[in-house]
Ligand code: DOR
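Form predicted on its own, single chain, as structure tokens, below.
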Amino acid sequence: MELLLRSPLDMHIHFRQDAMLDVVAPLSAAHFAGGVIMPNLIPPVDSLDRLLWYTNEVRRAVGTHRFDPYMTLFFRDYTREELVAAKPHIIGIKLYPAGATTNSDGGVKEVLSMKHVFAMMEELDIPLLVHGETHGFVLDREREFCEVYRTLATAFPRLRITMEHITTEAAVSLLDEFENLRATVTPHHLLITLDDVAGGMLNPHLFCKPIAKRPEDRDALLAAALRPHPRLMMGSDSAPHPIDKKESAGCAAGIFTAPIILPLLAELFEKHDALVNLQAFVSDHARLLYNVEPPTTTVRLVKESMIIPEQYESVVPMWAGRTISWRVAEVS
């Protein structure tokens, strides 16, 4: 049994920088025709000069793979002139609430105080990508942030807003409330709950932000992905950290899935008799919602056992050592 996927896209990736960039960028580019690259570096990508530098770094690291990097700026109080200059080089601007996740201390403290920036983005048709969490109780942070999404979607009806890596039933329901909201969801949030992270021995390689939630949340996400909801896209949030940063007292947040995303999803969608919908989830919806045309590639997956490697250099992937039932056979 085999499956062909045309120009798959990962609409939320962390490539990091320096040596880590050189390790992980080729692993995504080997299977995907393009992806949205996150800007939360140290320091963040929050100027045109730094954006152009990072774009060149990503292209260098990707090498000969046919891969389009869709770049983002780190949200701050931009002027209109800065936004006009940056627009040809970006797919959107990524908003992080201050301190919500890795390298986000310089994020926004009061989201609704930035309405003047949102208004300019709406006028210029620059999408807003949001890490949607408050600083409340960890399991409630995304649900609480849904009120912010409602406010933004109502106040700026022409602003295209992507709810990044949604994890709750509440966020899924927002997709049917507002036409200008869309979302990404990760493979791992379609597969795991908080029990997998901390229900037995703590598994640091399944710890991420937003944290995995309840079974009913996972089930709502999965139902929307399998359907597939027309404003839901695959964004892996593949987030590498060196093993010493994961297996430590101060465990870094992030799950690394880049090399195994498509086999994981093929196995999951086949289990639910929905393989026919995987193409839309991993490519077609994103192309329509962001109006992008990635390089033409074809990924051929075959239903043959694959053992997930224990490590990719210094990075441990999700479910390292586990056998899954699909593998990538060829990319052309």
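Quantities reported herein were computed from a predicted structural model and do not represent experimental measurements. All residue numbers are counted from 1 along the displayed sequence.
The same protein also exists as the form predicted in complex with this ligand; that form is not shown, yet it is the one meant from here on.
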Per-stretch contact check against this ligand in the model of the complex, the hit in 81-89, 136-144, 212-220, 231-239 (non-hydrogen atom, 4.5 angstroms): 231-239
Can any non-hydrogen atom of residue 40 be found within 4.5 angstroms of this ligand in the model of the complex? yes
Can you check whether residue 259 is within 4.5 Å of this ligand in the model of the complex, heavy atom basis? no
Residue 131: heavy atom within 4.5 Å of this ligand in the model of the complex? yes
Report whether the minimum heavy atom distance between residue 120 and this ligand in the model of the complex is within 4.5 Å. no
In the model of the complex, the residue from 208, 174, 224, 95 with a non-hydrogen atom within 4.5 Å of this ligand is 208
Can you pick the one in 102, 193, 203, 180 that has a heavy atom within 4.5 Å of this ligand in the model of the complex? 102
Counting only non-hydrogen atoms and a 4.5 Å cut-off, give the residues of 1-32 close to this ligand in the model of the complex. 14, 16
